[in-house]
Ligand code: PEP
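Just the one chain here, laid out as structure tokens, in the form predicted alone.
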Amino acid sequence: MNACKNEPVSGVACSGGIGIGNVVLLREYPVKKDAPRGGDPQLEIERLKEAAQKYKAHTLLLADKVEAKLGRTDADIIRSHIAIAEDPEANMLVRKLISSGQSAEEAVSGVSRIYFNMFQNSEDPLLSQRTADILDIRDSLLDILTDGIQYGQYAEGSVLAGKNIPPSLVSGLLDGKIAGIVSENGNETSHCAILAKALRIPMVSGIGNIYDVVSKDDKIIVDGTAGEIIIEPDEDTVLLYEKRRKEYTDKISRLREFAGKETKTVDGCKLSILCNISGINDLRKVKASDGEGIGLFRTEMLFMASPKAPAEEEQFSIYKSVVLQMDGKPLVIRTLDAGGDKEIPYLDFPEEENPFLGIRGIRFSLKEQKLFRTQLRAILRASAYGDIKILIPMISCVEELVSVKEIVKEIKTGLDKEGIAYKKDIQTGCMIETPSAALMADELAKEADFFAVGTNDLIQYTMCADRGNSSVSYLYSAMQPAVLRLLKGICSAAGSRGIGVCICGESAANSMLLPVYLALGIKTLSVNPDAVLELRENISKWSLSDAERKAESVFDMSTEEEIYAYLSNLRVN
């Protein structure tokens, strides 16, 4: 049964833009294929070998096409499927099933089901996302074995829709015929979403019961920016979204003009727009967006993606690779910020009634110093290869930062004795994300080389409002007077000691707050890569004098409503 026609259906925004086209339904998992009864085991193994060779050849060819269009990082998403398909343990299980009398098709399906269930039940979000890869590999092999191979030939204006969108279907995305993608499963970090963003194809996931919502050949609008789809829109709705699509493409074209330009105000004041990343795979987005460095490398993802704590050599290799790819641009590495909503199963976290106010961030690192020292040593070693800075999360008092500096000093002494190179004057920064740190900013500025304001947590802790709780969302705002007054004090303390301040929470990209940041003397903003060019454009419209004059009265206002109304009506002269 279809959803209501001409009514928006909400999902998850995975890739921005607006697409209008007709639905092409993809096969529903699990695919039911006629699996012949097993015959001669040796013949079945030979059939499987031949299918695996064809699959590998096609996948390598596809990866080469992706690399030619998008680059190596995206192509490696496709190539990674070969490593999964060639996994020795999985292949041993397949051969055992064939030897027991199953056909190649039955054995491939059976082993795929084992791995699918294992990944699907994993609490690790990165592993759970691999279910789409397992199904993709399985169905490609079954297509070859049953001579039903289909590698995605689509009509102009097709919108792909299905429970999962396998990355191998990217072959059909490269020719520009796909208008949009809609899926039941997946999110903005899935492999398909990464490729869709790279190709600027609108994508929405999280559409429940998708085969009840859409039907083959339905006309559909995919709003990848808002995370909505509209089934069988009427003529007026189509015209409205065609207008929005043009506005979006015009905006993208306009913003591209700011790629490669300096970030500066009308009166020539230079700023830096850095990027927030969670891993090495995000570097493509940083480069594509013309980010001027990395202001926040969230290293907890390295720990969450591993079954055990990554060793020093593994971390060193990753940090070194990232900083070398930055070509001299700054890389700020935040040490492990675990705890709260970022649980890592193999780490020994205590049971706490309120983990957000418990052992998290630097508190955990100082408690588990072996883990902390391993990470700091890897960061220091990597600093020999580029402009790396260390950032310490969740600082609540001066003593914590002093303890960290002592540990860094001890590790430096050890590296000196071993003759291992590192950046001697590496900077250690302090994250200001607790009210206590904000109030003690004048003392922390004596110990820190720079400040990074984590506005997400600073707002949450200052207002005592869980950012994920819709019931108190009216309190969770960067325009709350208490938050802005704390920010003013932080900047004043940093200025008196001559250290820089970077805003690295989500509000860093808020154009309404830009004149406030300029008036406070903030010269560095760290945002998601997608926000870089628009932020650069907004900065180019302001002068410092204009920002200072217009933002001055904000700090005297007593309500969020008053501040929001004032800033939303503010215009650049």
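The model shown is predicted, which means the values in this text are computed figures rather than measured ones. The numbering used is simple: start at 1 and walk along the sequence shown.
Another form, the form predicted together with this ligand, is not on view; read the next lines as being about it.
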Which listed residue (161, 431, 379, 204) meets the criterion of a heavy atom within 4.5 Å of this ligand in the predicted complex? 431
Considering this ligand in the predicted complex, which of 284, 497, 467, 488 comes within 4.5 Å of it through any heavy atom? 467
What I'd like checked is whether 298, 360 and 456 together line this ligand in the predicted complex, meaning each has a non-hydrogen atom within 4.5 Å of it. yes
Want to guess which of 344-352, 133-141, 479-487, 298-306 is within 4.5 Å of this ligand in the predicted complex, heavy atoms only? 298-306
Heavy atom to heavy atom, is residue 197 within 4.5 Å of this ligand in the predicted complex? no
Would you please decide whether residue 334 lies within 4.5 angstroms of this ligand in the predicted complex, comparing each non-hydrogen atom pair? yes
May I ask you to check whether residue 529 falls inside a 4.5 Å heavy atom distance of this ligand in the predicted complex? no
Does any heavy atom of residue 505 come within 4.5 Å of a heavy atom of this ligand in the predicted complex? yes
